[in-house]
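Next up: just one chain, as structure tokens, the form predicted alone.
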Amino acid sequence: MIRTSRRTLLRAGAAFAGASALGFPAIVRAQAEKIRIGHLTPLTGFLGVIGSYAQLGVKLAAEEINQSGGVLGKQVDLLSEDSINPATAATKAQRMLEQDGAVVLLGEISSASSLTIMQVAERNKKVFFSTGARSDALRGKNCNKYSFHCDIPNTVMVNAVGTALSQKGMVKGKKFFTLTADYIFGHDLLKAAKAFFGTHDANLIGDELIAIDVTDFSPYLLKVRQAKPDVVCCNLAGNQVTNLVKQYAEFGLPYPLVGFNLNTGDAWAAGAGNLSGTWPTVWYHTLNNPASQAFVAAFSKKYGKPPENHAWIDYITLKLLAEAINTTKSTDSNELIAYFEKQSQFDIGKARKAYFRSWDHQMVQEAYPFTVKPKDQMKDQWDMLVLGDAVPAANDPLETIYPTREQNPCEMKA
């Protein structure tokens, strides 16, 4: 029995060695013939709804890139997974770079998870495009040379909505009560909101920090009722916004509800008649731009529904990354960093082109406030929002709505 087992093991070992000699180079060659890109986004939890749109958008971009000949004549091999939470996001990011051979990472919505991926990217000296995280701190005190930021940061969202509210006489001298997500994103958004209130003579009379697993907002809404503010401001994220909006409508509070953060997937989920007020967005599918509408048509045809703003931003990020690789003829991180730091401009389906700032790697682009259509004017469940004029105005520099070096200091290590 022992001798037989030994012979069997020896034969198996020899066969494995032969297969290794023949098969492994083939596997290596197959990998070398593709450009692997790692994509992480939350598909579960309170950001799961909008994360699923991000995954659909980036997959469509990869398909279109491959159908048009790929990148540097090679097909894009997209590795897209659920980031789940900050610790898991970091583990998966490391595996994608170290074991799967990804040359670049992109994705994420959670600012906390984005921060851990940024740290992985820096350790591995690989570029990471943070597509949906909005905390100012990520491009400020936590910035690093390998990370680029594609979504509008908290300060821009506050400025977009604040400008629209000011024009309606809803800021100066008004009393605000804020409901804020209790993690890095929410804390950062509240900081930006307080700065806006301070420079526009508004009064913050109350704020409540709310854990991300809270689903019943009645204790907080009772405090709002007691405070009697002029305006209630939502600084929550993901499906918490949806739940708050529904419960706010049920409470029948007379104070206008506005928000410094909202993704259109969460707005749609709130349902007709529940959402009202003024909110910010980086993009909406009704934007009147030929490139934008071409994307909307392709996405709608493939998935049977219009794209949410995270679908758009992950889509355009992979497209501009492919453009950069083709232009530089390289996937080398230092080559790509140098290219983006030249502030090369990209058509992202808006009236004005976008670019990454050299000193904090923030994508500078237009933003929009939006209001909500009356229920009887909606053509379907997605025809809910009305875009306001782009911010900043056409004659003003794009950077006027973005944090300055003094407001958001970034020191990158060489």
Partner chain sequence: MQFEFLLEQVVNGLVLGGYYLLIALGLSLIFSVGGIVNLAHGAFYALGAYVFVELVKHLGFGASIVISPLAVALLGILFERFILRRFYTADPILSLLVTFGLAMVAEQAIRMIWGAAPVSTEIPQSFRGSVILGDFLFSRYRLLILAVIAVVLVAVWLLLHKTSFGRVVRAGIQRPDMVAALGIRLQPYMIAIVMLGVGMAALGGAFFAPITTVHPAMGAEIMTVAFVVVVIGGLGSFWGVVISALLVGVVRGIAIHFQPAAGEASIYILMFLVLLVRPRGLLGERIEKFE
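Computed from a predicted model, the values in this text were never measured in an experiment. Positions refer to the first chain, counted from 1.
Although not depicted, the form predicted together with its partner chain is the subject of the following passage.
Peer 1: Of the listed stretches (206 to 214, 113 to 121, 88 to 96, 256 to 264), which one has a non-hydrogen atom within 4.5 Å of its partner chain in the predicted complex?
Peer 2: Among the listed stretches, the partner-contacting one is 206 to 214.
Peer 1: Classify Ser300 as contacting or not contacting its partner chain in the predicted complex by the rule of any non-hydrogen atom within 4.5 angstroms, answering yes or no.
Peer 2: The answer is no: Ser300 has no heavy atom within 4.5 Å of its partner chain.
Peer 1: With heavy atoms only and a cut-off of 4.5 Å, decide whether Lys172 touches its partner chain in the predicted complex.
Peer 2: Although its partner chain is absent here, Lys172 would stay clear of it in the predicted complex, with no heavy atoms inside 4.5 Å.
Peer 1: Residue-level question: is Ala294 within 4.5 Å of its partner chain in the predicted complex, judged on heavy atoms?
Peer 2: Ala294 lies outside the contact set for its partner chain.
Peer 1: Do Lys375 and its partner chain come within 4.5 Å of each other in the predicted complex, heavy atoms counted?
Peer 2: So Lys375 counts as contacting its partner chain.
Peer 1: Could you tell me if all three of Lys145, Tyr284 and Asn288 have a heavy atom no more than 4.5 Å from its partner chain in the predicted complex?
Peer 2: Result no, not one residue of the spot touches its partner chain.
Peer 1: If the cut-off is 4.5 angstroms on heavy atoms, which of these, Ser333, Asn243, Thr328, Ser80, is the one near its partner chain in the predicted complex?
Peer 2: Exactly one residue meets the criterion: Asn243.
Peer 1: Pick from Asn309, Asn159, Thr278, Asn239: which residue has any heavy atom within 4.5 angstroms of its partner chain in the predicted complex?
Peer 2: Partner contact (heavy atom, 4.5 Å) among the options: Asn239.
Peer 1: Quick one: name the residues from 46 to 75 with any non-hydrogen atom within 4.5 angstroms of its partner chain in the predicted complex.
Peer 2: Residues within 4.5 Å: Val49, Ser52, Tyr53.
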